[in-house]
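Shown below, as structure tokens, is a lone chain in the form predicted on its own; questions about how it binds or moves come after it.
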Amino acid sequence: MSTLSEQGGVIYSRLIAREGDESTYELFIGPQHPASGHMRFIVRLEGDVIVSVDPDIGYVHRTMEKLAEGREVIKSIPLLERMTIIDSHNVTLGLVRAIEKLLDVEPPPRARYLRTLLSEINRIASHLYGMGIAGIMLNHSTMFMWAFGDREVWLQLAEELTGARLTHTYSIPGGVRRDLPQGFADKAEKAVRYMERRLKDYMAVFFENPQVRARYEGVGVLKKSEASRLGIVGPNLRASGIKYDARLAEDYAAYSELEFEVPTHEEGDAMARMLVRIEEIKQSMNIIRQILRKIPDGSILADKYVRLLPPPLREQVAKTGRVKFPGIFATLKLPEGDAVSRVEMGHGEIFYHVTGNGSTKPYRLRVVTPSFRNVILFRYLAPGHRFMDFPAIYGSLDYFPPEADR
């Protein structure tokens, strides 16, 4: 009732009460789960034309950063991957890199390739999740079921590699927890060939569907200059013609040793944002094939940590390719200083700033997520469109509320 006003026994919306004009009215969407997570939109309309949109975020704020500052640094990895559970390796890889910079430790070459492998599997699964949600927003249930069904293929591969479907906690300071399992390369190749065929089906059934094109093309156009001015990241930025990708800007994992393209589109509309994600899935599969051909032999954990393992455990790690956390990790102390890192998630660039003060817990931990950077687009892209365009714009942005709220 706080949003309503009573004058002369008549209940008015707060906007009408303030402006005295009944030509504009407010529509509240949410905060129940309108799509991918909990948030609310306050939409103002003249007829069915959108005048303004206020994204009302924070319903799933969990004080992630402050919680991370109150526990041993190694425990912040499984905590923070809950921000974006659909892309849980990419969302924590930046944290691990910042910790490694403070500890002055680098992962061995094989571990860098394995990190890249899981990052690209996560990226494909994340894009399929986003496309499924976008499909059901247009009442295209086939796209929703296809994308979510095909996402299972990549979740199973991630589980094969890490032991967990979603919360992998795979990268750790100095390396990764598990080596490549036997027969993984054949399963990955089979998944890639399957997905290549499915992307052709997606084009025929969804993206080349005249009704879908009518809903997406020319809708929610983000100009290149505006994308740059607003600090937009990820596929939403690249769909406006700006070729920026943290995988090229920041030296992490094995991307500098692999060949891949950064797809861009010039149109900046909802269709361009969706098509960029299709192209990125193709590039991720190309990267996965290169990794499986080029991955070097060797350890999956930095020598300085391997030497701390008791001899029987060291022998077990060498034999099984699985790392049991050495006791030193539970009391790992972060030296005094600051470290920052950037990683390209499926939604865009994530930024970490970690401060150490010599204790086992981070003195400060800050994270800027891609969904937080992109939430401003709801205010800029929707005005002027008809209300029925709002689901198309929302779906094309691949916005994930728990990631923005942290």
Partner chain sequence: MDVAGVLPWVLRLLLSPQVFAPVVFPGLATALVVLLTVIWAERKIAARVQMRVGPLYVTRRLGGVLQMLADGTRYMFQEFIIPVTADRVPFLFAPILALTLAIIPFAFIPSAPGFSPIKSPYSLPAALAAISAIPLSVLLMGWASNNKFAIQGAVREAFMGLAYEAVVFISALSMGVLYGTLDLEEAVARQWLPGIVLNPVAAFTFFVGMVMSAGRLPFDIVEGEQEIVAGPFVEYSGIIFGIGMGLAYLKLYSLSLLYTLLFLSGWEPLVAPLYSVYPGIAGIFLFVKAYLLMLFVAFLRSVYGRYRLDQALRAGWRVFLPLSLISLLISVVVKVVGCV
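Positions refer to the first chain, counted from 1. Owing to the predicted nature of the structure, the values given are computational and were not obtained by experimental measurement.
A second form of this protein, the form predicted together with its partner chain, is not displayed here; the remarks below concern that form.
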I'd like to know if Asp150 sits close to its partner chain in the predicted bound form, meaning any non-hydrogen atom pair within 4.5 angstroms. yes
Considering only heavy atoms, tell me if Asp48 and its partner chain come within 4.5 Å of each other in the predicted bound form. yes
Residue-level contact is defined here as any heavy atom of the residue lying within 4.5 Å of its partner chain in the predicted bound form; does Tyr255 satisfy this criterion? no
Contact label in the predicted bound form: Val219 to its partner chain, heavy atom within 4.5 Å: yes
Would all three of Ile29, Ser141 and Ala214 be in contact with its partner chain in the predicted bound form, where contact means some heavy atom lies within 4.5 Å? yes
Can you tell me which of 66-74, 53-61, 364-372, 39-47 lies within 4.5 Å of its partner chain in the predicted bound form, counting heavy atoms only? 39-47
Of Asn209, Thr264, Ser299, Gln283, the one that lies within 4.5 Å of its partner chain in the predicted bound form (heavy atoms): Asn209
Heavy atom within 4.5 Å of its partner chain in the predicted bound form: which of Arg82, Arg198, Lys333, Lys101? Arg198
Between 388-406 and its partner chain in the predicted bound form, list the residues on our side with a heavy atom within 4.5 Å. Met388, Asp389, Pro391
